[in-house]
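Same chain, two forms, each on its own as structure tokens: structure 1, then structure 2.
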Structure 1
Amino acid sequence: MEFAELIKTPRADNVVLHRPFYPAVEGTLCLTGHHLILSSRRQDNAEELWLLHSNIDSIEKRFVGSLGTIIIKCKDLRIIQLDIPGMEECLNIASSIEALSTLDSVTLMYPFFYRPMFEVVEDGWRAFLPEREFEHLSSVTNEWRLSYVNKDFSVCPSYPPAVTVPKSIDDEALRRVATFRHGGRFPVLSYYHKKNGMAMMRSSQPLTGTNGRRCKEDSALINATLRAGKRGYIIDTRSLNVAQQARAKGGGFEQEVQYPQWRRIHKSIERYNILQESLIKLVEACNDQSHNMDRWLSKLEASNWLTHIKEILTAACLAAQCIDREGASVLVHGTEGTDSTLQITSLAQIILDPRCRTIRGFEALVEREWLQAGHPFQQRCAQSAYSNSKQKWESPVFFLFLDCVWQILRQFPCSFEFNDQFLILLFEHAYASQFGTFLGNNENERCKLKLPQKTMSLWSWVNRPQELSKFKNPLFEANSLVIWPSVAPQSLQLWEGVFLRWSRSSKFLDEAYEEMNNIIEYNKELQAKVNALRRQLAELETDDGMQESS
């Protein structure tokens, strides 16, 4: 298919652009295969708009006489308006944008056409391979091994080719366990706590069914993480009621009789359309400027967004507590093990592991616990808060995870190497990007699409020094301790940097942030001077002492 077939009107003159915090600007609108471009023809290009079609969630058309208006609602929550003279031109442009923003084929998306204008210093596709991550683990313990049982994706289509499992469990046992777990997602290592040697594993639900099917290899696999005489905890991210209903459909949960050394705890976390509806309600409330205080607070509460954050953080704190304070190993799963399970395992690592609070460590976490672990980004992030066509699979699971990380970052502002702009960047690129990192639903699909060969990795761009500096937190002081976030309702706040950034100017916050940076830099200069003067004083005192002794 040629993009030209979808573009009925490639350009239009005298188009007026309205967008948040900018004066209205008149210019020429151009449609390409992947971008909507508006140029005011000014020398400095200050009034240029480049918008990826894949960032468009929905569009609305309005007409007053022959003047048409297109309102474009974006996946990054922006709303922009184009006034286009001529009804036919406006209708043509609107239908072209709709067609170009809803392409079915992944290979027609922009990452396959994007050519970087920067020098690639590091290949982001190879930066966080399982073998590299396993090196960190093998330097502190020899109880685990890297298994390639899934090298051709035949054992589990949503797992990567290499997974970390207990050394005592062979590949044949893993194949048997895979037939006992939903979608073949057998328990694999998610995190190893160096402090006490406890492990956190993740999987999907066991297929016990109504007749209580068993699998002795499954018990052996998760028991291999236990110390002698110790119990473990299974955190099921479904309510007991939902887990029991799953048995009638062939799923289920671990029965105490078959897993006597494990205690099962149910922590219900919502999924799918419930989360999607929550996001839609929240964004609608944030965009409505006509609220009085009561109405705003009731709409914020009715969205349930902060309630979901509280539930997710509570479950993550429980997992971290079991590992760090109880000295117990943990297995986390829900139904498929690709959504709420990953929220819990990754947030527990943010709490427990200082490395995950660095930029590089956080990138490794996203790669390991979301991309390689098979979170279906293509399905979950197909639409954002404005889409009219709701399908079953959309859900802001990763977005909620990022919001939870922001809540912890806000409570521990000196413990993270990155700032909230880094989290916002990941939110934006998960929904629409020139990079191939978030394309596909799992490693199997990315492999078939040949993304590492045909597209650029987000990490290749982000990890260049000139980009990294934008995402560094000036308050960061490495903290090797476990950090325990508060999940009290009073401690959780609306993430203004995302939800209010298009409705409220951040000018003064930006100025304050810049001033803070200046103060910190000045403080470093003064500290360097103090250290230099101390050295001079010590040298002078040494010289005096030598003269006196002579």
Structure 2
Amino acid sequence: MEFAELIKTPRADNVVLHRPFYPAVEGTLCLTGHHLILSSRRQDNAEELWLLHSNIDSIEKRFVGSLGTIIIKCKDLRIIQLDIPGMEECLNIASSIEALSTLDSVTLMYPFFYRPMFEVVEDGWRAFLPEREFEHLSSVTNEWRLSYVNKDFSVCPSYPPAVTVPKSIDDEALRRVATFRHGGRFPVLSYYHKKNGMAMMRSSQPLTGTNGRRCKEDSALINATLRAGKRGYIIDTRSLNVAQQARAKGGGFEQEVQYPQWRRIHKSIERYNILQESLIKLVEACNDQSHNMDRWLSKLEASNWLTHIKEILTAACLAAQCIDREGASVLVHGTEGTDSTLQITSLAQIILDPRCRTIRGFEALVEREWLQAGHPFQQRCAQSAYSNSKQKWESPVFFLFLDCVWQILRQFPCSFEFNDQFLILLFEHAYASQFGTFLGNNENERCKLKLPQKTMSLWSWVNRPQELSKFKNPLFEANSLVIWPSVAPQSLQLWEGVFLRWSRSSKFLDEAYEEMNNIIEYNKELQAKVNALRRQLAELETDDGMQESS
């Protein structure tokens, strides 16, 4: 087995573990192919640490005499420290961790080795098929069809085999449109607003180039979503400047002349490395141990993280407004249509569609708008805030989306079926997981890797009642309204549950959550009791009445 080659020192004794909120623990460190395990020598022999190698973002080594120290920075933002006696052991362990946490091949990742210890009630891989979504859609409209034009991923490698498109557009036209859009990502349905029949579509940029290439099937496709005499909105997630520059590289945007029925709005949202740098700076600020208040606020500001949150939410609200308030259809795209585009379309749905605020609905949204829509998770989540690699594919695009959802949840604490723990769970699993859900960059890759056959889905695990109960928001009351979040700076806050998770104790906040839960549980219990008694009384009284009349 190749892992063995990477593990020169499989175990070391008298290792001391330091981590936030726990006293230091001495124990034996073991390295396996996928885990770093530290068990203490206390009588109960309790396991103290069980860390996935893939969760390790970066490591640092230090030596004082022969005592080595390894500082492990995790993708979930935690920092732990291991003191290892013996320079050789320490060096061996450090190099093993480094190698094991940066495996090249996906098929060596833990999800391919993980043996679930629970019974699968519902296979998560089959829980959110496009067919089922389409069924839901066709119950309210017949203007759309499910196209299998991409069934062998030949038209668009990053799209799923089945996509929803206007009924009037045939597969041949789709093929032609695909050649006119970056990466073949032709406009497809993202969301249908039942209330007024308006649609939100997403795509990549049109390949107009400098000489204004056009494609009549493309305009026909998106025009098919417009009502007679109505205009639609194109939300371009790049600034006008950037969009214009894209023409030099063969890209571009929809010109008014060719799309007279559409009004284009540019809402600039940052990409890739800028977001990654923002995350790195923010986490650095959160981990700063200095006592200076000023430094904290200016570092928070300098990270720009909340600025990105504000920009993304504003664009999403704009898309939602166009649909709900203006009664217009919307097309969203940036360059590739795999990052900021998905942030906007998925957040707009959270705002507009009460279904997306349920657990099941949110899972479906993540499946539909992120996984099946071809957000390159494997590239984007390869490294987190402590990475020092200069690769430019990493970017906390999905993380920002989760943060935005948290912001809306904070403003509408009773409108979501899930709590912030659920969002944190998704954040963790997007970066490191025993499940195969977030492996691969698109459906095509997942298919080739045979993930549904070879790995377990996160949904299979999380959707069991005993797990779900941890993620349920006790305050939830179904709310059929559109929820409009505020994007004022005063309304947006640092997501403490993630960013301060390892730097401040949450004991008192957890107690408050528990108290809240108890208040609501007790109320439900009483309600059940009262109802049971009423029923009992009603029965007794009818019996009584019958006796009387007989």
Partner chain sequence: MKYIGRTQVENVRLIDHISSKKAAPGTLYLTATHVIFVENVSETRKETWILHSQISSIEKQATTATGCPLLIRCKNFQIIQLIIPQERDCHDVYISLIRLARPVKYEELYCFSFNPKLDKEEREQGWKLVGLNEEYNRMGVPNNYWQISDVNRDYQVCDSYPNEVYVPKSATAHIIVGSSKFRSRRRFPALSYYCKDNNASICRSSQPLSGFSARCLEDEQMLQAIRKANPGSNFIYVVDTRPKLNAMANRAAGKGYESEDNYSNIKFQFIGIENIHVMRNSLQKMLEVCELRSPSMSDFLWGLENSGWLKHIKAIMDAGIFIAKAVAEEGVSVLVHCSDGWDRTAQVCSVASLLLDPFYRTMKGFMVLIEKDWVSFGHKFNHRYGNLDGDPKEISPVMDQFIECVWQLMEQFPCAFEFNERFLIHIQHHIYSCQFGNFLCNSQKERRELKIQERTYSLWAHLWKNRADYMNPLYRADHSQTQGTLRPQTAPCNFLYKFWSGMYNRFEKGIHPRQSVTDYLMAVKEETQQLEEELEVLEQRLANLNKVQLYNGKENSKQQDQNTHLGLSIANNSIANTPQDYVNNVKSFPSRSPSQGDEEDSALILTQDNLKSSDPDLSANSDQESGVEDLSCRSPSGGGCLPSEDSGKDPDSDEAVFLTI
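Please note that residue numbering is based on structure 1, beginning with 1 at the start of its sequence. Heads up, when I say rigid core I mean the largest set of C-alphas that superpose within 1.5 Å between the two forms. Note that the structure is predicted; figures quoted are calculated from it, not measured.
- Remark: the form predicted on its own is the source of structure 1; structure 2 originates elsewhere.
- A movement of the C-alpha atom of residue 533 reaching 2 angstroms or beyond is seen between structures 1 and 2 when the two forms are aligned on their rigid core.
- Shown in the overlay between structures 1 and 2, fitted on the rigid core, is a CA shift at residue 524 of 2 Å or greater.
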